[in-house]
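Listed next as C-alpha cells is one chain, alone, in the form predicted alone.
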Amino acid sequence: MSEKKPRVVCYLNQFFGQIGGEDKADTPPHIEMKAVGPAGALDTELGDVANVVATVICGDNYINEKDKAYSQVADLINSAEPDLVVAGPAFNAGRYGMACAKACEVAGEELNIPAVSGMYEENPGLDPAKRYAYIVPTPDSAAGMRKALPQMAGLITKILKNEELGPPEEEGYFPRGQRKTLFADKRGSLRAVEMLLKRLAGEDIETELPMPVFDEVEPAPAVREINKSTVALVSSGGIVPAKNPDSIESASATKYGRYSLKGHNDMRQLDYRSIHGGYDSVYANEDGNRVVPLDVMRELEERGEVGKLHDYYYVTTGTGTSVANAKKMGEDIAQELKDSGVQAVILTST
C-alpha cells in the first residue's frame, strides 16, 4: 500500500483565484476542493511529493478590511486538513501580500504547520509574513510566475521531506530574522580580528551580521513666499486622459505622464479617468479634483495665496511601483520642474 502524500492548501486572491479583478475585491472567502489557477501549476511542480488538495480564495479588500476574515480563512484552511499552506505568490501586489501574510499566520499560529509564499522584496507583506513562513524572492509582477513556482516547490519539497534547511542565501528564501546555533572552527573574537585585518588590508570581507540600510531623504526647506511662487501638481493617483496616451501601467509603473492644465479650472472639464489598479476609482472618475485638486488650486491662485499654478501636471501610479523606478521618475520630474522655474510641488496620492 502506497504512503499517503502530504496535503497542501493554497491561498489565492480574487484575481489569481479566477473570479474577477477589482470588482471582486470584496468577495468573502470560500474554498474549492481542487487546485485553482497557479495552484494547479504548483501541484504539477510538486509531482509525487505532495498534492494540492484545496484552494482558499478571498478578495483582497475583504481579508484586509473585515475583522472576521481571519477566522473565516482559518476555518476554511483547517477544514482541508493540510500539512502545509502555500500563499500566493503575491509578487509586488501590496494588498495581496498582506493577505498572504495573514494566511501564513493562520498556518503558523492556528494550525502549527509550515507555510511558504513568494514575494518581491519591496512587498509590504514580506515583513509580517516571514515571521510565520519561508518567503521565496520573486520578480515584481506575475510575469515571473514560471520562475517563482519551481523555486517555491523546491523549498516545499525539502520541508515536507523533513530535510534540514540551510541558510537563506543557500536555500533561496528571505532571511527570517531568526538565529541558529552553529559550531565554528574559530571563536568569535578571533573571526572578528581576522575580519578587521582583512578590511585594513583592503580585502573583501563578508560580515556575519549584515545591518539594514535605510535610504535617508533630507526634507526640502520651506517655501518662503508661496504667494510669489509657481506651484506644480504631481500625483501618483493615476488620473490620465481617457485613452491613456502614454500607456502608463495601472500597477508597477515604469513611466509617467505630463498633461496640460492650460485654460482649465476644474478636472471635470477634462475627459480624464483613473487607471490606477490599487483603489476603487469610481469616485475619482466622478470628480478628478479628488485626486488632482485643480479646482482648489485655481481658487488659491485667484486669491493670490499662490503665485501661479504650473501649466502642466505630472502623474503616474504608485501601487506596486518599485523604489528604483519611483526614484528615477521622481528625479526626472523634479529636473523638468526646476527647468520650468517651478518653486514648489503639491504631491497627491489616492
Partner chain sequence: MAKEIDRIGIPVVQLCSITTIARSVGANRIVPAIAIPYPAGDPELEGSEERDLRKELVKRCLTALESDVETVTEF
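Here the rigid core means the biggest group of C-alpha atoms that line up within 1.5 Å when the two forms are laid on top of each other. Numbering follows the first chain given and starts at 1. Everything numeric in this text was worked out from a predicted model, so none of it was measured.
The form predicted together with its partner chain exists for this protein as well; it is not shown, and the discussion that follows is about that form.
Note to self: T44, N51 and M145 - do all three of these have some heavy atom no more than 4.5 Å from its partner chain in the predicted bound form?
What the structure shows: No: none of T44, N51 and M145 comes within 4.5 Å of its partner chain in the predicted bound form.
Next item on the list: Only one of A39, I57, M297, I63 comes within 4.5 Å of its partner chain in the predicted bound form by heavy atoms, so just point that one out.
Entry: Looking at the other structure, the residue within range turns out to be M297.
Notebook entry, point to check: Looking at A35, A69, I31, V306, which has any heavy atom no more than 4.5 Å from its partner chain in the predicted bound form?
Noted result: Selected option: V306.
Notebook entry, point to check: Want to guess which of 76-84, 216-224, 111-119, 93-101 is within 4.5 Å of its partner chain in the predicted bound form, heavy atoms only?
Noted result: Only one stretch passes the 4.5 Å heavy-atom test: 216-224.
Check: With a 4.5 Å heavy atom cut-off, would you call L337 a contact of its partner chain in the predicted bound form?
Finding: Yes.
Check: Are any of the heavy atoms in N289 no more than 4.5 Å from a heavy atom of its partner chain in the predicted bound form?
Finding: N289 belongs to the contact set for its partner chain.
Next item on the list: Indicate whether G330 is a 4.5 Å heavy atom neighbour of its partner chain in the predicted bound form.
Entry: Looking in the predicted bound form, residue contacts with its partner chain include G330, since a heavy atom lies within 4.5 Å.
Note to self: Under a 4.5 Å heavy atom criterion, is V106 part of the interface with its partner chain in the predicted bound form?
What the structure shows: No.
Checklist line | Is_shifted P29 between this form and the one not shown (CA, 2 Å cut-off, rigid core) | finding: No, the C-alpha position differs by under 2 Å between this form and the one not shown.
Margin query: Taking the rigid core as the reference frame, tell me whether K158 has a CA displacement of 2 angstroms or more between this form and the one not shown.
Written below: No, its C-alpha moves less than 2 Å.
Notebook entry, point to check: Rigid core fitted, is the C-alpha displacement of N123 between this form and the one not shown 2 Å or more?
Noted result: Not so; N123 is displaced by less than 2 Å.
Note to self: So the CA-CA distance for K130 and K327 moves by at least 3 angstroms in the predicted bound form. Closer or farther than here?
What the structure shows: Closer is correct, given that in the predicted bound form the C-alpha spacing of K130 to K327 is reduced by at least 3 Å.
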